[in-house]
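One chain follows as structure tokens, the form predicted on its own.
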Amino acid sequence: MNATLAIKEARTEHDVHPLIRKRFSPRAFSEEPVTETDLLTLFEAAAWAPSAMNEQPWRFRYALRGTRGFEALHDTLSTGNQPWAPNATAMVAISALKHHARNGAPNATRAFDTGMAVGNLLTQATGMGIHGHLIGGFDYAAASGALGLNAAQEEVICLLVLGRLGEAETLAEPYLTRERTPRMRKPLSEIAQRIPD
């Protein structure tokens, strides 16, 4: 068993599902492939997330390591993400449509709905032994341009790299220390309060 899995498993106060406890965002990926069928399974899991008016505003555009599409997305990454992200098998651009298809009105919940879809995707991935790392450190305009998006209609929300877990020792600092550090969360009392009667 990869030592990082034991370090990163969430220590929860309550009986949280194992797939949620085991999900984390690695930077070390192995050479073991994630197949296109695997990716399509993840996107289908995402497709079944709830969304306002069932609009399903999320869009996933993916590229496999070694392709021009992968390199184009990699080139948009910030300097802090460029060293480790190329080790992943796939890079996914996650975007959302800005308006409701049914009436053209702005979709105020598009980012929330897209996040729900990504939550489904990451839970499914964890169950399949695939790990993902969401990336917010990139040039949004450059990514949108590389994808040929119409910025008035669709916005890039984040990037996601996917792969099989590798050994932490393959990483240089500061990434090695981050990979070996247990995950922490705020106490429940800080994020969840009962509304007074």
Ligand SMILES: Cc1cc2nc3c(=O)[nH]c(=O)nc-3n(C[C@H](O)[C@H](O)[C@H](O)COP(=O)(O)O)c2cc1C
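Numbers follow the displayed sequence, beginning with 1. Computed from a predicted structure; not experimentally measured.
One more form of this protein exists, namely the form predicted in complex with this ligand; it is left out here, but the text below deals with it.
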item: Proximity of residue 136 to this ligand in the predicted complex, heavy atoms at 4.5 Å; value: yes
item: Residue contact check: residue 186 to this ligand in the predicted complex, 4.5 Å heavy atom; value: no
item: Any non-hydrogen atom of residue 128 within 4.5 angstroms of this ligand in the predicted complex; value: no
item: Exercise: residue 158 in contact with this ligand in the predicted complex, heavy atom 4.5 Å; value: yes
item: Listed residue that, although this ligand is not shown, lies within 4.5 Å of it in the predicted complex (heavy atoms), from 114, 81, 89, 107; value: 81
item: Listed range touching this ligand, judged in the predicted complex by heavy atoms within 4.5 Å, from 161-169, 24-32, 39-47, 63-71; value: 24-32
